[in-house]
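This document opens with one chain alone, in structure tokens, the form predicted alone.
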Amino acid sequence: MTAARNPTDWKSEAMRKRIAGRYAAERRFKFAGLFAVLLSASFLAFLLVTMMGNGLRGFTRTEIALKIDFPASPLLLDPAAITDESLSQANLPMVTDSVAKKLLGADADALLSPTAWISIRDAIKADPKILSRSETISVPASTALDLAAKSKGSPEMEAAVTRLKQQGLLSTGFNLSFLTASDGTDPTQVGIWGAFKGSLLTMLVTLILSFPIGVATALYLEEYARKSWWTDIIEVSINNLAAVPSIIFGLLGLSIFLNLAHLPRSAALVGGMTLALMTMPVIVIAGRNAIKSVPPSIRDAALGIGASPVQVVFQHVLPLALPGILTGTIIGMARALGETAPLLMIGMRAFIATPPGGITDPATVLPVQIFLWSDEVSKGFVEKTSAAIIVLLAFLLAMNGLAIYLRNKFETRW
């Protein structure tokens, strides 16, 4: 027979040790949790500092001020008849080279960007009257000189930076063309507008296709479909599709949209359709969970006052489930925005020098543009890659912020 427990056993030494052990275990658990949070925060801080350190320089450009006496130059241009054809025949690269050598010396080719003449062409197009006078035009410096001016370069380039600054010819400032230009071979002239516009068009196609189909599927499965082996198969298939690697959807888009339907390769239309296949299961799952969260009493009350089943769904259930549906949709879209593998499979890795005019024009997207720049040999593309990553992160943060705003705006607390 077990002896009766003494009411004063909690005062015994063994009990005190057990209590002390519990408190010690709780402190260790709190310490482990705090350590995990600090470790995650440190990795995030390291990523942000690294990206900002390299990327902020990508938004700036070093320029050299060239004073050009247009009347004395060999340019035979009529200020009253400036066209793209006349500018293409004016041999601006030769004029730029000759002016630079007179001003900068024999090493002008190493100091100026190979595409510096484009800035002179743009200046003439903006104001043809400069052809009748002398004008100082800022043109981009070479990649080596740009890196030396912003961080650290070779001793020759650092000496050139010092000399040009003393002459008042060198300046480093915000590079607006990085936000308005498209891809190119010269890192001093490239921009992300073409890829950014391609991302916008691709996400627009993805949203138009995936949102209505995903919400309609979620409504049918939760409100109308009877429980059967067929609906069980559909539910399992949707859950499995949400976990399928994204490159599988790229193979599916390649085989169906390109090889079978013969849609235009490397177009935002095909990219959006491919990403819609990947995003749709996420929207269906988020929509079903949001619809399940609506209390049954809402449905019963609506039916009790004479509403039809369709009115119950579209006038009561769907508006209350909308915050969760929108949040899941935007999170799914943010995931699609950062995808690269499926878009590479359908050919959206082409060199696109002009922004797309529509969803059927050749286009690229920000993640693919980042991938292409990271594979370039020129060191000037390193900071451009980091700058493009900052733009992509800002895009993702904006989408996540929109999801939080919509959730708080439409959310109803029970």
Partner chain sequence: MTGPAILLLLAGLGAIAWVSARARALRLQTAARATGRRDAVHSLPGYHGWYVALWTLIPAAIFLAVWANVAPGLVTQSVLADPAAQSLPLDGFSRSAILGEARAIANGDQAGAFNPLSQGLVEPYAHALNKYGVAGAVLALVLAFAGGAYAFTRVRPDFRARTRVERLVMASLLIASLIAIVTTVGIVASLLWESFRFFSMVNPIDFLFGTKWSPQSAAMGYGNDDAFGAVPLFWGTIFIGAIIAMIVAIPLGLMSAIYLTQYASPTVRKWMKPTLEMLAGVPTVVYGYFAALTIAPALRDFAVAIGIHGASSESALAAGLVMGVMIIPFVSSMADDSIAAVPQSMRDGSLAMGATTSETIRKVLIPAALPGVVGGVLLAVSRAIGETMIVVMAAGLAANLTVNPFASVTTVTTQIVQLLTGDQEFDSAKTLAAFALGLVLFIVTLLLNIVALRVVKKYREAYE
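Fair warning: this is a prediction, and the values are worked out from it, not measured in the lab. So that the term is clear: the rigid core is the largest set of C-alpha atoms that superpose within 1.5 Å between two forms. Positions refer to the first chain, counted from 1.
What comes next is about the form predicted together with its partner chain, which is not displayed.
Using a 4.5 Å heavy atom cutoff, none of 149, 157 and 353 lies near its partner chain in the predicted complex. With its partner chain left out of view, the stretch that reaches within 4.5 Å of it through heavy atoms in the predicted complex is, among 129-137, 185-193, 165-173, 232-240, 232-240.
Of the listed positions (203, 277, 291, 104), a single one reaches within 4.5 angstroms of its partner chain by any non-hydrogen atom in the predicted complex, namely 277. 338 is the sole member of 114, 338, 323, 153 with a non-hydrogen atom within 4.5 Å of its partner chain in the predicted complex. In the predicted complex, its partner chain stays beyond 4.5 Å of every heavy atom belonging to residue 358.
Interface residue remark: residue 245 is counted as part of the site for its partner chain in the predicted complex, having a heavy atom within 4.5 Å. Shown alone here, residue 67 lies farther than 4.5 Å from its partner chain in the predicted complex, counting heavy atoms only. Not displayed here, its partner chain is kept clear of residue 378 by more than 4.5 Å at the level of heavy atoms in the predicted complex. For the partner-free chain shown, 26, 29, 30, 32, 33, 34, 36, 37, 39, 40, 41 of 26-42 come within 4.5 angstroms of its partner chain in the predicted complex, judged by any non-hydrogen atom. Once both forms are fitted on their core, a CA shift of 2 Å or more is seen for residue 32 between the shown form and the other one.
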